[in-house]
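Listed next as structure tokens is one chain, alone, in the form predicted on its own.
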């Protein structure tokens, strides 16, 4: 299952970044596919990107609201909001575990052979909700210039995925941009370096602490069409699900947790008794058919 997930992550990354002519054009793709919303965090300005980032699109929508009201050009992009809402209600946060390119980067870095691995304080997980509320929604909407236009605060000042996928490559593709390098670039470069180095010792630190898209999708985990469910009669409360979870969740104590990225490692590697199943609309899709044998073995050992 883990090998399949890595393959799907790689395919999703290639599909959303499949404009391979950028070394020739020295610019970003602007073709018809650019109207498609990428489910994961994938920078619009990446020279290889063929889609747009949902977080960037939401900020662009909100930062122009005041200007639209003042000029009488009233509009609301239901396509942007509807797309991310549909993804969230259908799949919850499964996008983070199976499709997000920056999630894949963090997981690969965490596999580096470093002796000391560090878990972060749980309170830091709430920072991503502040990022969603303030940097993605309120600040672009309320902090505007004299023309009523706001800024994409998260993309401009924080997003490490944007720096890795767009900022650095574009400097090499367009040397004239080097003259514009200043505080803004170095600030984002510092955030990128922090998160990449942090990923070596902590599993998915950006996903856990900062990603507003993960925070948004996580709100739907309890009500999404596709979800992981627990059979309490089979659960032995051994806690092994937490040992293999990249997000540090003990599934039997946090079913439907907004932190869960539905990577299914708890189901395939962490639970020996088939207590965790993947469901769609209440119908079981995946389960461990070895559960009865393993549960009987566990009971025998306990006796």
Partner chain sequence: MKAQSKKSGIKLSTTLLFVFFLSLLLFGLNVKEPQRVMEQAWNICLECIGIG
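From a predicted model like this one, the values you see are computed outputs, not experimental measurements. Numbering follows the first chain given and starts at 1.
What comes next is about the form predicted together with its partner chain, which is not displayed.
What is the one choice in 81, 141, 127, 120 with a heavy atom within 4.5 Å of its partner chain in the model of the complex?
In short, 81.
109, 166, 192, 131 - the one with a heavy atom within 4.5 Å of its partner chain in the model of the complex
Checking each option against its partner chain in the model of the complex, the one that comes within 4.5 Å is 166.
Can you tell me which of 184-192, 131-139, 112-120, 207-215 lies within 4.5 Å of its partner chain in the model of the complex, counting heavy atoms only?
The contacting stretch is 184-192.
Verify the flagged residues 6, 39 and 260 against its partner chain in the model of the complex: is each one within 4.5 Å by a non-hydrogen atom?
Not a single residue of the candidate spot has a heavy atom within 4.5 Å of its partner chain in the model of the complex.
Would residue 101 show up as a contact with its partner chain in the model of the complex if we use heavy atoms at 4.5 Å?
Heavy-atom contact with its partner chain at 4.5 Å: absent for residue 101.
At 4.5 Å between heavy atoms, is residue 198 in contact with its partner chain in the model of the complex?
No - in the model of the complex, heavy atoms of residue 198 and its partner chain never come within 4.5 Å of each other.
Find out whether any non-hydrogen atom of residue 92 is located within 4.5 angstroms of its partner chain in the model of the complex, and reply yes or no.
No.
Wondering, does residue 155 line up within 4.5 Å of its partner chain in the model of the complex on heavy atoms?
Taking the distances in the model of the complex, the answer for residue 155 is yes, it comes within 4.5 Å of its partner chain.
For the heavy atom contacts within 4.5 Å of its partner chain in the model of the complex, list the residues of 264-279 involved, in sequence order.
Residues within 4.5 Å: none in this stretch.
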